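Before any questions on binding or motion, here is one chain by itself as structure tokens, the form predicted alone.
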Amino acid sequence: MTCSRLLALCAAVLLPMAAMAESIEGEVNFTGKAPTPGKLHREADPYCAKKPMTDPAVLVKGGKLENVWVHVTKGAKDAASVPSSVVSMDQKDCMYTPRMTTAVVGQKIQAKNGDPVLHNVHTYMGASTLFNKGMPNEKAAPIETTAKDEGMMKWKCDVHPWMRGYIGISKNGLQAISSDSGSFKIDNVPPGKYTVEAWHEKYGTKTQEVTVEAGKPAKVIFKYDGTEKGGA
């Protein structure tokens, strides 16, 4: 065997798993009649009332559903490391921003108030309260916490009941949020068999089994028609 062939063989054997990993990608389709977002009644607070808004709970464009948490629930190992970045949940114009995002167990989470009015940050995991703290105005110190358990961390404001936010927390970190085009992509997925779950705040969960093969990204399409129930 020549030296060059031997080196090539060694490189293949030593190739890190990350380089062999593929992706799970696809889209979330909405096959029913897209609902028209209703007006949010924010008149009780003069500051909030200055900026009329519609309910962002269901966002459909071109038959695609936005803000769906797509994550691997079975078949994956826990994340090898926790991201050093801090997940931010801001309160701006009397709304939680972003509406939905993700975190990994152990990752830092920070809540901020960007408004000159009182917001009450009340977070839940299931029916259990995680913390419940007031933030008087934009001068209030950020609230800092750590993602401890896998699941959907729900945010609400007891002062302004229309305010909602969501952080999908995963142990393995294999997750994504569907964009305004309904598309999503979960990177760095080693070859194997997985259960993938989609979660929407109004329409609940759907699951699919998927096999990821080396050199071939896995494709997944979820479908909601608007009759589903079981979200937040």
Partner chain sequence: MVLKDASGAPLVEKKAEWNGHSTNPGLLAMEEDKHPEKPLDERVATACSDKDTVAAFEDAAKTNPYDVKPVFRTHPHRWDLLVKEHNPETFGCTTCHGGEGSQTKGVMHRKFRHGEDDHDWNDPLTDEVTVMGKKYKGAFMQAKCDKCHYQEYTLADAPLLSKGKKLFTDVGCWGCHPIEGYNDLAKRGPTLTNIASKTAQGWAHTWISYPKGWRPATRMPNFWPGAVDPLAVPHPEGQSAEQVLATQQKLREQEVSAIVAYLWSNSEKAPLLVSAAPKGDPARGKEIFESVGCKGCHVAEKGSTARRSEGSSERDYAPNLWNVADKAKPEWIYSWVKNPKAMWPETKMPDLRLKDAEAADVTAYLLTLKSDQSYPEPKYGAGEQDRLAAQGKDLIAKYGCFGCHNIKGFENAQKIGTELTEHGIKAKELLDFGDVQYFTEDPRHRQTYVNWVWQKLHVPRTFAYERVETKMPQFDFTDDESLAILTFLKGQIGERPDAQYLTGQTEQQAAVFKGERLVFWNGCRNCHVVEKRGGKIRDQFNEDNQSFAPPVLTGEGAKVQPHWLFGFLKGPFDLRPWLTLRMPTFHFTDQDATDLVHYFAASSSKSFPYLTAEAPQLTGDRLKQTEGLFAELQCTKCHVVGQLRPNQDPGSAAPNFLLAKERLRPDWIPIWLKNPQALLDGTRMPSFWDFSDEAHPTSPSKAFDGDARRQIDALRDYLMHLELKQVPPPKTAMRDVNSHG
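Residue numbers count along the first chain shown, from 1. Since we're looking at a predicted model, the values are computed, not measured.
Keep in mind the form predicted in complex with the partner chain is missing from the figure; the text below concerns it.
- For a residue to qualify, one of its non-hydrogen atoms must sit within 4.5 Å of the partner chain in the predicted bound form; all three of E43, K133 and K156 qualify.
- The partner chain in the predicted bound form comes within 4.5 Å of a heavy atom belonging to N120.
- Residue contact check for K171: none of its heavy atoms lie within 4.5 Å of the partner chain in the predicted bound form.
- Using a 4.5 angstroms limit between non-hydrogen atoms, R164 touches the partner chain in the predicted bound form.
- Looking at T129, you'd find a heavy atom of it within 4.5 angstroms of the partner chain in the predicted bound form.
- Partner contact region in the predicted bound form: 111-119, out of 96-104, 111-119, 145-153, 79-87, criterion any non-hydrogen atom within 4.5 Å of the partner chain.
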